[in-house]
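Coming up is one lone chain in structure tokens, specifically the form predicted alone.
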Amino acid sequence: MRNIDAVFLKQLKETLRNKTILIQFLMFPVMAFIMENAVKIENMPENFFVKLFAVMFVGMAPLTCMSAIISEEKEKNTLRALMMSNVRPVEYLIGTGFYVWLMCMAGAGAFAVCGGYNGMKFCQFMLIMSTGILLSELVGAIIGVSCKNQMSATSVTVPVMMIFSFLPMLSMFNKSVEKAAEITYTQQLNKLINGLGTTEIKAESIVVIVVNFVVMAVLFAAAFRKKGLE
């Protein structure tokens, strides 16, 4: 726990220095607040921009943050120094993952406040967001572990991030895209968020999310076994 705490505090102190990471945590909650209060269209669904940007936030912020942090520290040999200081890879990953998860959950809380969710709706919303954040962190960790440096990680992260963050939005305007997006966890999270307040939870959404998690976990295990954190 001491090593995990040290890694967590290290990443927390880096937040203000690393503007790229900081922007990821702030951009979408701020945009949701502005759009919800500035744009008023007749017959627009309730909390339209909160729901839209919340899903985009899940598909982008934790994924890019995990990828950027791991790849940057590999490139700068920070990880090697940590390993020589008796910090085990699993301790580093837990500390970094918890930091990203906590920061993203703070963003999720901002979305919930902006949407006026309270009581059971608030709990449901935060549970859905936390699940998506964990999955996106896993995707980001796969990219960060697999790539040699930050530049190569960025070149992989951008298209992957665009798929997971923009597909749910595009699926609203195109039925073919919607069908293709059904296999992604972000599309299923989008459905769950839009169904907040209802008692109906489709088994299909849960199955797709679980399958996504299993696939990502297997890919991460394979990448970690092959590359490690060296």
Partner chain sequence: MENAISINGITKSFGEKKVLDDINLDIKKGEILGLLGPSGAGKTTLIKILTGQLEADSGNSVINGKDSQRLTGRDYSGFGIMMDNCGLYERFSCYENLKVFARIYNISDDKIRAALESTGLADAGKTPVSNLSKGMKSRLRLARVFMTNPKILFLDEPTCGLDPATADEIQKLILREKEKGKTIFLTTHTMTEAEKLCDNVALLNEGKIVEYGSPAEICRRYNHQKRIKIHLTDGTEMEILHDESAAEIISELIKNGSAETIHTTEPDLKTVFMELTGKELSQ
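Numbering follows the first chain given and starts at 1. Predicted, not measured: the structure shown is a model, and the values here were computed from it.
What follows is about the form predicted in complex with its partner chain, which we do not show.
Of the heavy atoms in Asn77, some are within 4.5 Å of its partner chain in the predicted complex.
Looking at Ala112, you'd find every heavy atom of it more than 4.5 angstroms from its partner chain in the predicted complex.
Though the partner is left out of this view, Leu229 does not reach within 4.5 Å of its partner chain in the predicted complex, counting heavy atoms only. Remark: Glu73 counts among the residues lining its partner chain in the predicted complex, judged by a heavy atom distance of 4.5 Å or less. Residue in contact with its partner chain in the predicted complex (any heavy atom within 4.5 Å), chosen from Met120, Leu102, Val158, Ala81: Ala81. Between 160 to 168, 65 to 73, 173 to 181, 38 to 46, the stretch whose residues reach within 4.5 angstroms of its partner chain in the predicted complex through a non-hydrogen atom is 65 to 73. Contact annotation for 103 to 123: no residue has a non-hydrogen atom within 4.5 angstroms of its partner chain in the predicted complex.
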